[in-house]
Ligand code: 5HY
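Okay, so here's just one chain, in structure tokens, the form predicted on its own.
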Amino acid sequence: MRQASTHGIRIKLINPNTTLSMTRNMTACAERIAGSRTEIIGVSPDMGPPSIEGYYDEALATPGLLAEVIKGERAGCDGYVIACFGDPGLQAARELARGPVVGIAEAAMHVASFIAPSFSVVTTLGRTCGMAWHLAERYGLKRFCRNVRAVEIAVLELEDPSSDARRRIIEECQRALDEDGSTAIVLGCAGMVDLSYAISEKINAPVVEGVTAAVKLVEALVTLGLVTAKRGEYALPLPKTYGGLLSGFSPV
């Protein structure tokens, strides 16, 4: 543990995909809820997929994500948010970072469990539902999760103002309350970052969105002076030379 900072808090918000319009939207939403002494540094990697909609996308987004953590460490960032609901590279990022690293699925599910006895996750594509279930189990929150539902909307469709995505998401959230018996909703995609308040008003139930939840959790952890443990699993990576395209990621 270190002393809580008496200066401003610098949180690097990393959107692991390369769609900059989505990054800008996340950053704006994060800035609205961040404390007056918190700086949000919103970035996308220089390489990787434009959206993350499966394990392959997630795996190939991870090197760019970790490169941004390395840059953040050099720049003296206090903490990090991984802004994709699959929480890609979360454990690896914790090996690299001194400050706290929080994934948005982890944050949203935990926050939902604080305010409601049950929740349903409403996400984009059915192919990612298993990923959400695995995360709920990993985080010890499967007993709170009544269901994981998909609206079968591609992530990038959330960026299209002519799409009926918002209506379909609201309708699916209402069905989750009515059919699953859930008492809260977790939005299962970072691209839904700006929808939580509108949906909550429509369905009259708590709606938790992970980007903003993760920002507030990182703020709290930094304010408490807490850092990532550097013994055991989150110790710095062992020095070795990597080959080929990954040579630049060699731990030193």
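When you see a residue number, it is the position in the sequence shown, counting from 1. Values in this document were obtained by computation on a predicted structure and should not be read as measured data.
Keep in mind that the form predicted in complex with the ligand is missing from the display, and what follows is about it.
Exactly one of the stretches 118-126, 142-150, 72-80, 178-186 approaches the ligand in the predicted complex with heavy atoms within 4.5 Å, and it is 118-126.
Contact check for Ala30: no non-hydrogen atom falls within 4.5 Å of the ligand in the predicted complex. Val101 falls outside the set of residues with a heavy atom inside 4.5 Å of the ligand in the predicted complex. Using a 4.5 Å cutoff between non-hydrogen atoms, Leu65 does not count as a contact of the ligand in the predicted complex. For the chain shown alone, Val193 is not a contact residue for the ligand in the predicted complex, no non-hydrogen atom being within 4.5 angstroms.
Residue Val155 is the only one of Leu135, Val155, Ala97, Ala107 with a heavy atom lying within 4.5 Å of the ligand in the predicted complex. Taking a 4.5 Å heavy atom cutoff to the ligand in the predicted complex, the contact residue among Ala93, Ala112, Cys173, Cys84 is Cys84. Residues of 45-61 placing a heavy atom within 4.5 Å of the ligand in the predicted complex, in sequence order: Ser51, Ile52.
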